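There is one chain below, alone, in structure tokens, taken in the form predicted on its own.
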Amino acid sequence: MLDFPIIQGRGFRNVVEGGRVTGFAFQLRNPNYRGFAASLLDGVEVLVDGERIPDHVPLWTLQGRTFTLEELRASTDVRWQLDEPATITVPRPGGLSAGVHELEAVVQLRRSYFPPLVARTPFTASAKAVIVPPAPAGGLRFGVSTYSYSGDVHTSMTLEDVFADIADLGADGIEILGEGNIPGYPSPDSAWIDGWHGLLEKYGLTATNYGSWVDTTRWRDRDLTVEEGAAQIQLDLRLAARLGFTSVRPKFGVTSWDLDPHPIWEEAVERSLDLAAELDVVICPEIHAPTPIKHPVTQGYLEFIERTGSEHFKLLIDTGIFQTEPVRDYAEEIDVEEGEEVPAHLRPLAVPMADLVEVLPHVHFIQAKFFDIDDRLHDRHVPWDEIITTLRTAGWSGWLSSEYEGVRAPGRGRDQVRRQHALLRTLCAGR
């Protein structure tokens, strides 16, 4: 599915030829109301960060073939259809720097059914587009949670669009929400499961973490029993394994603002450890604000690890616990004006990196929670430089999975994820 804006969200990248960066490229949706012969195109003028590139310089790629403007004008067997983007390549040694760029494109189209004086029609589009550098080598792997696209999935994006976005920014892991992304949950049909594996192969992605829920207050008159809680965990373990996931995050109902999990959690998990081992799937409870690392909840999980000796129960860290500033302007759940008191459970914990280092041997997965990254690739809420430095210094290996939780405006999550990956990879490359 194409994006509504003429400049597409996917496809903005540096072009590498023979090991050298020779330019940059982006994609355009056909701005006309019909497809047409490519010979009617009369160039595209590009403005990037205030620098103007004349309309005869960019190359056009349509239907798998690349043309100069003169070749395009003389073509007889190529069209620009409404359902396929055109790739515009701008020769520029060194390409563009990682980060956000102001991009404008003016497509000139000749329309033979207009009088000659007005037949050459300009279509102008502009966007803030993000160059994401390649993922650096090392133990850190980069993925994305489908939660980042909440509001867009099932409205302006299909699940395959999510796969395409993640692959386009050079990530290689996908994290999902079982009940949010699996049609027919908890019993998807075999055709959908086959299609899921087909998408993993097509886009070169790895299934990482599967989010599940143990709704302990599912009924008004009673809580779930241990048996029911274990059955829910085991149902999701089996489904996650069928889809190729290597970890499951069971979110238990809580009994306090400290996120104390419902008392059935321990026995329900213990009853599920043998199945987790059989399927080779790790059960990962989430350490999430307002619960820090040095807290009885986290300590309870660590004691469980020590008592059982299981390799299939580890921690999932949500980076929201490292927030140093409250989220006033960009949170999806509150709107706190300047001067107003932030509710206690939403105040930044600023968990020190030393606490993270202590538990890293027991950390299986990291959800890279964030709320807003500005045009300078600055995040004023989460200290990514400290986090990346800590992980690399400690030699931790595993997934950083982008989890955007800011304002749910159409398309904003997609742009913000690109910004976060540009930031994180730049920090990694700088070490």
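Model, not experiment: these values are computed from the prediction. Numbers follow the displayed sequence, beginning with 1.
Keep in mind that the form predicted together with a further copy of the same chain is missing from the display, and what follows is about it.
- Site annotation in the predicted complex: the residue of T255, S97, T324, T308 reaching within 4.5 Å of a further copy of the same chain with a heavy atom is T255.
- In summary, among the residues A394, L62, I388, A37, the only one with a non-hydrogen atom within 4.5 Å of a further copy of the same chain in the predicted complex is A37.
- Comment: 38-46 is the region of 361-369, 394-402, 375-383, 38-46 lying near a further copy of the same chain in the predicted complex, near meaning a non-hydrogen atom within 4.5 Å.
- None of the heavy atoms of P91 is located within 4.5 Å of a further copy of the same chain in the predicted complex.
- In the predicted complex, a further copy of the same chain stays beyond 4.5 Å of every heavy atom belonging to Y210.
- Using a 4.5 Å cutoff between non-hydrogen atoms, S75 counts as a contact of a further copy of the same chain in the predicted complex.
- a further copy of the same chain in the predicted complex comes within 4.5 Å of a heavy atom belonging to P186.
- In the predicted complex, the residues of 112-127 lying within 4.5 Å of a further copy of the same chain by at least one heavy atom are, in order, S112, Y113, F114, P115, P116, L117, V118, R120, T121, P122, F123, T124.
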